[in-house]
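Listed next as C-alpha coordinates is one chain, alone, in the form predicted alone.
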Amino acid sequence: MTLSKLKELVQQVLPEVDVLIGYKQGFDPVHATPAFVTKPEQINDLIWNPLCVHNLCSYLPFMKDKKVGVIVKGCDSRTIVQYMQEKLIDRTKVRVIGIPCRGVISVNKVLHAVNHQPIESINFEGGNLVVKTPEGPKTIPMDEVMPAKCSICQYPTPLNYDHLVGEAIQSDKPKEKVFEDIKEFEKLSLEERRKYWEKEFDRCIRCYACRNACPMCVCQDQCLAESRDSHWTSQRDDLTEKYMFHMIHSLHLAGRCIECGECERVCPMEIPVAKIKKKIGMELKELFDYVPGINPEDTPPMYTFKAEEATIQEHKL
(Lines give C-alpha, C1' and ligand atoms only; values in the text may rest on other atoms or scores of the structure.)
Protein backbone atom coordinates (compact mmCIF):
# COMPACT_ATOMS: atom_id res chain seq x y z
CA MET A 1 0.00 0.00 0.00
CA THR A 2 1.33 3.38 -0.90
CA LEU A 3 0.48 6.63 0.81
CA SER A 4 -0.35 8.19 -2.55
CA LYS A 5 -3.12 5.63 -3.15
CA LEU A 6 -4.56 6.36 0.28
CA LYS A 7 -4.58 10.09 -0.43
CA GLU A 8 -6.25 9.50 -3.81
CA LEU A 9 -9.02 7.55 -2.12
CA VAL A 10 -9.47 10.15 0.61
CA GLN A 11 -9.77 12.74 -2.17
CA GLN A 12 -12.69 10.73 -3.60
CA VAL A 13 -14.41 10.15 -0.25
CA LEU A 14 -14.00 13.62 1.27
CA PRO A 15 -16.87 15.28 -0.71
CA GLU A 16 -19.25 12.62 0.67
CA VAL A 17 -18.53 13.33 4.36
CA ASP A 18 -18.37 16.23 6.81
CA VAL A 19 -15.03 15.08 8.20
CA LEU A 20 -12.56 12.28 7.53
CA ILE A 21 -10.48 10.92 10.41
CA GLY A 22 -6.99 9.72 9.57
CA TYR A 23 -3.46 10.11 10.90
CA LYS A 24 -0.86 12.87 10.71
CA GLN A 25 2.58 13.35 12.23
CA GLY A 26 2.50 14.14 15.93
CA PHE A 27 4.62 16.41 18.09
CA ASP A 28 7.79 14.36 17.60
CA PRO A 29 9.08 11.75 15.10
CA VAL A 30 7.79 8.74 17.07
CA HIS A 31 4.19 9.88 17.59
CA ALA A 32 1.35 9.98 15.08
CA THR A 33 -1.85 11.78 16.02
CA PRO A 34 -5.46 11.71 14.74
CA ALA A 35 -6.10 14.10 11.85
CA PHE A 36 -9.56 15.54 11.19
CA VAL A 37 -9.68 16.38 7.51
CA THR A 38 -12.39 18.73 6.28
CA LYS A 39 -10.58 20.49 3.41
CA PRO A 40 -8.75 19.04 0.38
CA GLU A 41 -5.55 20.89 1.27
CA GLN A 42 -5.37 18.96 4.56
CA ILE A 43 -5.06 15.64 2.73
CA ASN A 44 -1.35 16.21 2.22
CA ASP A 45 -0.91 16.07 6.02
CA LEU A 46 -2.04 12.44 6.15
CA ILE A 47 0.47 9.70 6.91
CA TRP A 48 0.37 5.92 7.05
CA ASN A 49 3.04 3.81 8.74
CA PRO A 50 3.46 1.62 11.86
CA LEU A 51 3.24 4.74 14.04
CA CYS A 52 -0.49 4.93 13.24
CA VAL A 53 -1.59 3.12 16.38
CA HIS A 54 -4.79 4.85 17.50
CA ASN A 55 -8.17 3.21 17.07
CA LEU A 56 -9.86 6.08 15.26
CA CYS A 57 -13.30 4.45 15.47
CA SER A 58 -13.54 5.67 19.08
CA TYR A 59 -14.82 9.02 17.85
CA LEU A 60 -17.76 7.66 15.86
CA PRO A 61 -20.43 7.26 18.61
CA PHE A 62 -19.88 10.90 19.54
CA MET A 63 -20.28 12.17 15.95
CA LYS A 64 -23.68 10.69 15.11
CA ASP A 65 -24.92 13.98 13.71
CA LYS A 66 -22.23 14.01 11.02
CA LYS A 67 -21.25 11.99 8.00
CA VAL A 68 -17.81 10.69 8.88
CA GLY A 69 -15.07 8.95 6.97
CA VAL A 70 -12.60 6.90 8.99
CA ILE A 71 -9.41 4.98 8.25
CA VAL A 72 -9.28 1.57 9.95
CA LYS A 73 -6.83 -1.27 10.46
CA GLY A 74 -8.03 -4.86 10.84
CA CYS A 75 -8.31 -4.71 14.64
CA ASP A 76 -10.05 -1.34 14.48
CA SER A 77 -12.62 -2.66 12.01
CA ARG A 78 -14.01 -4.97 14.69
CA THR A 79 -15.11 -1.79 16.47
CA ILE A 80 -17.25 -0.90 13.47
CA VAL A 81 -18.86 -4.35 13.56
CA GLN A 82 -19.47 -4.15 17.31
CA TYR A 83 -20.98 -0.66 16.96
CA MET A 84 -23.33 -2.06 14.31
CA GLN A 85 -24.38 -4.88 16.63
CA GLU A 86 -25.10 -2.44 19.45
CA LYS A 87 -26.62 0.19 17.13
CA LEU A 88 -24.13 2.80 18.33
CA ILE A 89 -23.59 4.18 14.83
CA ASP A 90 -25.65 4.69 11.71
CA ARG A 91 -23.52 2.74 9.26
CA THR A 92 -25.06 4.58 6.30
CA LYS A 93 -23.42 7.78 7.60
CA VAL A 94 -19.95 6.27 7.96
CA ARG A 95 -17.49 5.74 5.10
CA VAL A 96 -14.88 3.20 6.12
CA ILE A 97 -11.48 3.12 4.40
CA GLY A 98 -9.78 -0.14 5.32
CA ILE A 99 -6.04 -0.72 5.20
CA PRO A 100 -4.50 -4.21 5.52
CA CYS A 101 -1.99 -3.99 8.37
CA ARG A 102 1.15 -5.99 9.09
CA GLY A 103 1.58 -4.56 12.57
CA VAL A 104 2.15 -1.31 14.40
CA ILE A 105 4.69 -0.40 17.05
CA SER A 106 4.46 0.24 20.76
CA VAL A 107 5.86 3.70 21.39
CA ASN A 108 6.63 2.71 24.97
CA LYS A 109 8.72 -0.24 23.78
CA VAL A 110 10.63 1.99 21.35
CA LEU A 111 11.32 4.54 24.10
CA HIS A 112 12.54 1.77 26.41
CA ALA A 113 14.77 0.43 23.60
CA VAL A 114 16.56 3.78 23.26
CA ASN A 115 16.71 4.43 27.02
CA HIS A 116 14.25 7.30 26.65
CA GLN A 117 16.72 9.36 24.63
CA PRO A 118 15.13 12.14 22.52
CA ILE A 119 14.25 10.67 19.12
CA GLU A 120 15.44 12.79 16.20
CA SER A 121 14.11 10.59 13.40
CA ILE A 122 12.63 7.18 12.78
CA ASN A 123 12.58 5.20 9.54
CA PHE A 124 11.17 1.83 8.59
CA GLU A 125 13.47 -0.40 6.55
CA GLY A 126 12.21 -3.88 5.80
CA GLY A 127 11.33 -5.49 9.09
CA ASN A 128 13.33 -2.99 11.16
CA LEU A 129 13.11 0.48 12.63
CA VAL A 130 16.11 2.78 12.41
CA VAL A 131 15.81 5.19 15.31
CA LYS A 132 18.20 8.12 15.50
CA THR A 133 18.93 9.69 18.90
CA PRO A 134 21.75 12.02 20.08
CA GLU A 135 23.72 8.81 20.77
CA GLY A 136 23.45 7.79 17.10
CA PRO A 137 21.24 5.51 14.99
CA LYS A 138 19.93 2.25 16.39
CA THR A 139 18.35 -0.55 14.37
CA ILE A 140 15.51 -2.37 16.14
CA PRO A 141 13.59 -5.37 14.73
CA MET A 142 9.89 -4.55 14.40
CA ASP A 143 8.97 -7.78 16.17
CA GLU A 144 10.70 -6.52 19.33
CA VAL A 145 8.64 -3.35 19.60
CA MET A 146 5.21 -4.50 18.44
CA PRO A 147 2.37 -4.52 20.94
CA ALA A 148 1.35 -8.02 22.02
CA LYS A 149 -1.89 -7.83 20.01
CA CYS A 150 0.04 -7.73 16.72
CA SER A 151 1.95 -10.92 17.49
CA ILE A 152 -1.30 -12.90 17.55
CA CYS A 153 -3.43 -10.86 15.12
CA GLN A 154 -6.00 -12.98 13.29
CA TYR A 155 -7.54 -10.10 11.33
CA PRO A 156 -4.84 -8.12 9.47
CA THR A 157 -7.39 -7.15 6.81
CA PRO A 158 -10.41 -5.10 7.97
CA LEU A 159 -13.61 -7.13 8.35
CA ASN A 160 -15.90 -4.28 7.37
CA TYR A 161 -15.11 -1.46 4.94
CA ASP A 162 -16.40 0.50 1.97
CA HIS A 163 -13.01 0.90 0.32
CA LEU A 164 -9.86 -1.18 0.72
CA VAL A 165 -6.48 0.37 0.05
CA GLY A 166 -4.10 -2.35 -1.10
CA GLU A 167 -4.47 -6.11 -1.36
CA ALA A 168 -6.15 -8.15 1.37
CA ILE A 169 -3.74 -10.26 3.43
CA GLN A 170 -4.28 -13.35 5.55
CA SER A 171 -3.04 -13.83 9.09
CA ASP A 172 0.09 -15.94 9.45
CA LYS A 173 -0.29 -16.09 13.25
CA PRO A 174 -1.31 -19.47 14.78
CA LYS A 175 -4.81 -19.41 16.31
CA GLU A 176 -3.66 -21.56 19.23
CA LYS A 177 -1.36 -18.72 20.32
CA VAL A 178 -4.21 -16.23 20.87
CA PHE A 179 -4.88 -17.12 24.52
CA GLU A 180 -1.54 -18.75 25.25
CA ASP A 181 -0.42 -16.00 27.65
CA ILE A 182 -3.65 -16.19 29.65
CA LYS A 183 -3.45 -19.97 29.98
CA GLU A 184 0.17 -19.68 31.07
CA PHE A 185 -0.79 -17.05 33.67
CA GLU A 186 -3.53 -19.32 35.03
CA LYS A 187 -0.94 -21.94 35.88
CA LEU A 188 0.01 -19.71 38.81
CA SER A 189 -1.68 -20.35 42.12
CA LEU A 190 -4.55 -18.11 43.24
CA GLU A 191 -2.24 -16.51 45.80
CA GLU A 192 0.40 -15.77 43.15
CA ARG A 193 -2.20 -14.25 40.85
CA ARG A 194 -3.61 -12.15 43.68
CA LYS A 195 -0.16 -10.78 44.52
CA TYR A 196 0.48 -10.07 40.83
CA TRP A 197 -2.66 -7.96 40.48
CA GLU A 198 -2.17 -6.24 43.84
CA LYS A 199 1.27 -5.14 42.70
CA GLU A 200 -0.04 -3.95 39.33
CA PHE A 201 -3.18 -2.17 40.55
CA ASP A 202 -1.33 -0.53 43.42
CA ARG A 203 0.39 1.58 40.72
CA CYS A 204 -2.94 2.71 39.21
CA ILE A 205 -3.43 6.48 39.56
CA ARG A 206 -7.11 6.33 38.54
CA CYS A 207 -6.58 8.71 35.65
CA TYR A 208 -9.24 6.80 33.65
CA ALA A 209 -7.11 6.95 30.49
CA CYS A 210 -7.91 3.25 29.90
CA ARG A 211 -11.63 4.02 30.05
CA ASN A 212 -11.37 7.19 27.98
CA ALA A 213 -9.46 5.48 25.15
CA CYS A 214 -11.71 2.41 25.09
CA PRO A 215 -13.92 2.49 21.97
CA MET A 216 -16.59 0.43 23.72
CA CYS A 217 -16.77 2.61 26.86
CA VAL A 218 -19.59 4.79 25.55
CA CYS A 219 -21.30 5.93 28.75
CA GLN A 220 -18.47 8.15 30.01
CA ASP A 221 -20.81 11.07 30.76
CA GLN A 222 -22.66 8.84 33.23
CA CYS A 223 -19.78 6.64 34.36
CA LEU A 224 -20.28 5.31 37.88
CA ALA A 225 -16.53 5.71 38.46
CA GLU A 226 -17.07 9.45 38.69
CA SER A 227 -20.48 9.47 40.33
CA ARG A 228 -20.66 11.02 43.78
CA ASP A 229 -23.24 8.45 44.84
CA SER A 230 -22.56 5.34 42.81
CA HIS A 231 -22.80 2.84 45.71
CA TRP A 232 -20.17 0.73 43.96
CA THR A 233 -16.96 2.68 44.15
CA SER A 234 -15.74 5.87 45.81
CA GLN A 235 -13.16 8.49 44.89
CA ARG A 236 -10.66 7.07 47.38
CA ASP A 237 -7.46 5.78 45.81
CA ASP A 238 -6.80 2.75 47.98
CA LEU A 239 -6.21 -0.67 46.49
CA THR A 240 -9.76 -1.88 47.08
CA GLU A 241 -11.22 1.01 45.10
CA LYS A 242 -8.69 0.52 42.30
CA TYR A 243 -9.64 -3.16 42.10
CA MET A 244 -13.33 -2.27 42.00
CA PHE A 245 -12.90 0.26 39.19
CA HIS A 246 -10.98 -2.16 36.99
CA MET A 247 -13.35 -5.04 37.67
CA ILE A 248 -16.38 -2.91 36.80
CA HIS A 249 -14.68 -1.58 33.68
CA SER A 250 -13.71 -5.07 32.54
CA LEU A 251 -17.11 -6.62 33.23
CA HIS A 252 -18.84 -3.84 31.31
CA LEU A 253 -16.77 -5.03 28.34
CA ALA A 254 -17.62 -8.73 28.71
CA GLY A 255 -18.52 -9.98 25.26
CA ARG A 256 -17.87 -6.50 23.82
CA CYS A 257 -14.10 -5.95 24.01
CA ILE A 258 -12.69 -6.10 20.48
CA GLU A 259 -9.11 -6.43 21.73
CA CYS A 260 -7.72 -3.29 20.09
CA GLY A 261 -5.47 -2.80 23.14
CA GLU A 262 -6.09 0.93 23.44
CA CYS A 263 -6.60 0.63 27.23
CA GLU A 264 -3.14 -0.78 27.68
CA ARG A 265 -1.49 1.52 25.13
CA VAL A 266 -2.54 4.69 26.92
CA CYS A 267 -1.91 3.58 30.51
CA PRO A 268 0.76 5.98 31.85
CA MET A 269 1.74 3.40 34.47
CA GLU A 270 2.09 0.58 31.91
CA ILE A 271 -0.32 -1.67 33.80
CA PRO A 272 -1.32 -4.72 31.70
CA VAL A 273 -5.03 -3.90 31.95
CA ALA A 274 -5.85 -5.61 28.63
CA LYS A 275 -4.97 -8.94 30.23
CA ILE A 276 -8.18 -8.86 32.30
CA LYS A 277 -10.34 -8.17 29.25
CA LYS A 278 -8.56 -10.92 27.36
CA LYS A 279 -9.24 -13.38 30.19
CA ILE A 280 -12.94 -12.53 30.04
CA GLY A 281 -12.82 -12.82 26.26
CA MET A 282 -11.38 -16.30 26.57
CA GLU A 283 -14.19 -17.31 28.94
CA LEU A 284 -16.81 -15.97 26.52
CA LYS A 285 -15.17 -17.88 23.68
CA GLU A 286 -15.19 -21.12 25.66
CA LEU A 287 -18.74 -20.68 27.00
CA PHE A 288 -20.54 -19.31 23.95
CA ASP A 289 -18.07 -19.84 21.09
CA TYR A 290 -18.39 -16.10 20.60
CA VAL A 291 -15.81 -13.55 19.48
CA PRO A 292 -16.83 -9.85 19.58
CA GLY A 293 -16.74 -7.66 16.50
CA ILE A 294 -16.78 -10.32 13.81
CA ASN A 295 -20.34 -10.53 12.45
CA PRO A 296 -22.71 -7.51 12.38
CA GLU A 297 -25.68 -9.88 12.66
CA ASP A 298 -24.49 -11.45 15.93
CA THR A 299 -26.01 -10.57 19.30
CA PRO A 300 -23.47 -10.24 22.14
CA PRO A 301 -24.06 -12.93 24.79
CA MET A 302 -24.59 -10.35 27.55
CA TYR A 303 -27.47 -8.87 25.51
CA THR A 304 -29.51 -12.02 26.00
CA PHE A 305 -30.74 -13.87 29.06
CA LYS A 306 -31.75 -17.47 29.55
CA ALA A 307 -32.70 -18.92 32.90
CA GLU A 308 -30.64 -21.96 31.95
CA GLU A 309 -27.68 -21.66 29.63
CA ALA A 310 -26.81 -24.87 27.81
CA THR A 311 -23.09 -24.23 28.15
CA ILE A 312 -23.08 -23.20 31.83
CA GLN A 313 -23.37 -25.77 34.57
CA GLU A 314 -24.81 -24.47 37.82
CA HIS A 315 -22.70 -24.92 40.90
CA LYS A 316 -24.07 -27.46 43.34
CA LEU A 317 -24.99 -25.73 46.61
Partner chain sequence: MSVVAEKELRIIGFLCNWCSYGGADTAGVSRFKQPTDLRIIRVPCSGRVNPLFIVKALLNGADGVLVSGCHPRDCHYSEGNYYARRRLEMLKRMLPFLGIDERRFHYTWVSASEGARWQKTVTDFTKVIHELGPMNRQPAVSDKPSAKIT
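Quick caveat, the model's predicted, so the values are computed rather than measured. Numbering follows the first chain given and starts at 1.
Keep in mind that the form predicted in complex with its partner chain is missing from the display, and what follows is about it.
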Distance check, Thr311 to its partner chain in the model of the complex, heavy atom within 4.5 Å: yes
Contact of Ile205 with its partner chain in the model of the complex (heavy atom, 4.5 Å): no
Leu159, heavy atom within 4.5 angstroms of its partner chain in the model of the complex: no
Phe124 within 4.5 Å of its partner chain in the model of the complex, heavy atoms: no
Within 4.5 Å of its partner chain in the model of the complex, all of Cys101, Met142 and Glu180 (non-hydrogen atom): no
Interface segment, criterion being heavy atoms within 4.5 Å of its partner chain in the model of the complex, picked from 57 to 65, 25 to 33, 263 to 271, 249 to 257: 249 to 257
Option touching its partner chain, based on a heavy atom within 4.5 Å in the model of the complex, out of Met244, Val218, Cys223, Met146: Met244
Residue (of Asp237, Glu176, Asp172, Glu167) lying close to its partner chain in the model of the complex, criterion heavy atoms within 4.5 Å: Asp237
Contacts with its partner chain in the model of the complex, stretch 258 to 286 (heavy atom within 4.5 Å): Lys275, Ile276, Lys279, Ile280, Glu283, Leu284, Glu286
